[in-house]
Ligand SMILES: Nc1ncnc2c1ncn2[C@@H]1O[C@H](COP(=O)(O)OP(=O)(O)OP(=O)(O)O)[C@@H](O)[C@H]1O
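Below sits a lone chain in structure tokens, taken as the form predicted alone.
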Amino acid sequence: MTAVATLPDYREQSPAVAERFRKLKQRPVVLSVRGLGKTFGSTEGTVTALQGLDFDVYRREFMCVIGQSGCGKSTLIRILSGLEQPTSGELLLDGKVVHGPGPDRGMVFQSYTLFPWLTVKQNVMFGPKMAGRTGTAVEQEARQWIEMVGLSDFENSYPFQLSGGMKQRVAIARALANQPRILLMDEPFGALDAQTRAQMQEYLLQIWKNIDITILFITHDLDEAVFLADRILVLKAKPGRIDEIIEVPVPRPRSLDQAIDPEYLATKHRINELIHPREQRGGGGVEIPRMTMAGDEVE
């Protein structure tokens, strides 16, 4: 593996990657966040969760948001989905101010949020039916989404009959069935085992490649962010604010084999430097009492 000391500058881009980002920034802005802030009241006073966030997400972009625990990642995505209101600033979708939840934003949570009393097909049909659509066309569309996530053989199964990865594939299909402008994902693979998580990441890239969707993806996993994203928004903590927006120099299409490439490692190393500064490493300054016998030291 390439040593950290020999890694290239994470900002270096091949001509092909530079051209990809040039074209990305020529696309329409789907999501625009301006001066976004969020405060909460507590017994100890006012807590600022987010402060002064400004960024744009372009059409068909895959943006990841990452940061240490407590930086406001989940608060941000709940505001973007309309489940919470910001204290300051505004959120615009296709240039229109967002005030609450809407079918123009699909949401996939970390926990399995399928309706247990509905089959796979019925779960996927739920959104369109709530929007007043009925008939065979809705059922046909649901089958298309189910086929896209590779679960055609399970359309009449119930959630308890599915694995964790399969449940999340149904959740993605259900979110996409409303044909949203942007798909918001709050650590959707965090509860999965490592092998299933890797499979789900590849599934998601294939889905994103084949449909007109923009994705904003919350994660705490450095490898996941570098593997999936066009750009990575790194948040500082207390209060949550933008530290850096990184253009990922890893070429597309992506594969797990790229995890040892210099561009991949350099980007991952930079994110780790931002999230875990050197002065905070080694226990974060916490003094831990010794509870072992002398003579059994470890490195």
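Definition used throughout: the rigid core is the maximal C-alpha set that superposes within 1.5 Å between two forms. These numbers come from a predicted model, not from an experiment. For every residue, the number given is its place in the sequence shown, counted from 1.
Heads up, the form predicted in complex with the named molecule isn't pictured, but that's what we're talking about next.
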Exercise for review: Evaluate R105 for contact with the named molecule in the model of the complex, applying a 4.5 angstroms cut-off between non-hydrogen atoms, and reply yes or no.
Suggested key: no
Exercise for review: Examine E224 and determine whether its closest non-hydrogen atom to the named molecule in the model of the complex is within 4.5 angstroms.
Suggested key: no
Exercise for review: Determine whether any heavy atom of V47 comes within 4.5 Å of a heavy atom of the named molecule in the model of the complex, and answer yes or no.
Suggested key: yes
Exercise for review: Tell me, yes or no, whether P251 is in contact with the named molecule in the model of the complex, where a contact means a heavy atom of each within 4.5 Å.
Suggested key: no
Exercise for review: Could you tell me which stretch in 226-234, 47-55, 22-30, 262-270 has residues with non-hydrogen atoms within 4.5 Å of the named molecule in the model of the complex?
Suggested key: 47-55
**Study point:** Among the candidates L91, C71, A171, M125, the residue which, in the model of the complex, approaches the named molecule to within 4.5 Å (heavy atoms)
**Key:** C71
Exercise for review: Taking the rigid core as the superposition reference, indicate whether the CA of S255 shifts 2 angstroms or more between this form and the one not shown.
Suggested key: no
